[in-house]
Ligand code: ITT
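Take a look at this single chain in structure tokens; it is the form predicted on its own.
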């Protein structure tokens, strides 16, 4: 059994579609570190959740990155959506010649044990070696050595395995009544996420892609 630390039961349903064993929901308010990349935030949360439960856990962090805005809002997506709203973010992007963006998600897994070498990066507290292991994450999603050492115990930190999922798309004027967050301004294959039903969105979602990578690896754990 894997414990998914989240307040959203929809994420449990989505995770269960990829994993061959039960996924349990845990509503645990772990401290969310402020960092410039999703990987650091997710890794810190997974460590805190494992220390709380003593059981294998997964934590996810996700966000919208807009190329013309230098990857903004990224890990600050929830805060920006709450304070600025999707209309203002669209207005910031509207005047740009290129409006490409991506939804990104990082699944962080921690069970208190070490990990054999695999293509997926391992966050061990921010050493230079860890950053090399993170080379398959986007440049703005790699773990930050300074931040990790400050908030997670540096070289003594519990290792965390990271799995990234990315959905590339375009930033458009808001359309659709479904979804949440920035879904109405993110278009993929001709539809915004807000115009897709739940099953359609889950089939292409960034979290689903990260979960698929995790499930494939976890089956060999």
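Please read these numbers as outputs of a predicted model, since none were measured by experiment. Only the largest set of C-alpha atoms that superpose within 1.5 Å between the two forms is called the rigid core. Positions refer to the first chain, counted from 1.
Here the subject shifts to the form predicted together with this ligand, a form of this protein not shown in this document.
### Message
I'd like to check something about residue 164: if you look in the model of the complex, is any of its heavy atoms closer than or equal to 4.5 Å to a heavy atom of this ligand?
### Response
No.
### Query
Can residue 192 be called a contact residue for this ligand in the model of the complex at 4.5 Å between heavy atoms?
No.
### Task
Classify residue 187 as contacting or not contacting this ligand in the model of the complex by the rule of any non-hydrogen atom within 4.5 angstroms, answering yes or no.
No - in the model of the complex, heavy atoms of residue 187 and this ligand never come within 4.5 Å of each other.
### Query
So in the model of the complex, does residue 62 come within 4.5 Å of this ligand, heavy atom to heavy atom?
Yes - in the model of the complex, heavy atoms of residue 62 and this ligand come within 4.5 Å of each other.
### Message
Using a 4.5 Å heavy atom cut-off, which residue among 32, 67, 36, 170 comes into contact with this ligand in the model of the complex?
### Response
Answer to the contact question: 32.
### Message
Would all three of 3, 109 and 209 be in contact with this ligand in the model of the complex, where contact means some heavy atom lies within 4.5 Å?
### Response
Per the other structure, none of 3, 109 and 209 touch this ligand.
### Query
Which residues within 75-93 place at least one heavy atom within 4.5 Å of this ligand in the model of the complex?
Those in contact are 77, 78, 81.
### Message
Using a rigid core superposition, assess whether residue 173 undergoes a CA shift of 2 Å or more between this form and the one not shown.
### Response
No, the C-alpha moves less than 2 Å.
### Query
Once everything's superposed on the core, is residue 189 shifted 2 Å or more at the Cα between this form and the one not shown?
False for residue 189: its C-alpha shift is below 2 Å.
### Task
Could you check whether the CA atom of residue 26 moves 2 Å or more between this form and the one not shown, using the rigid core for the fit?
Residue 26 C-alpha, core-superposed: shift of 2 Å or more.
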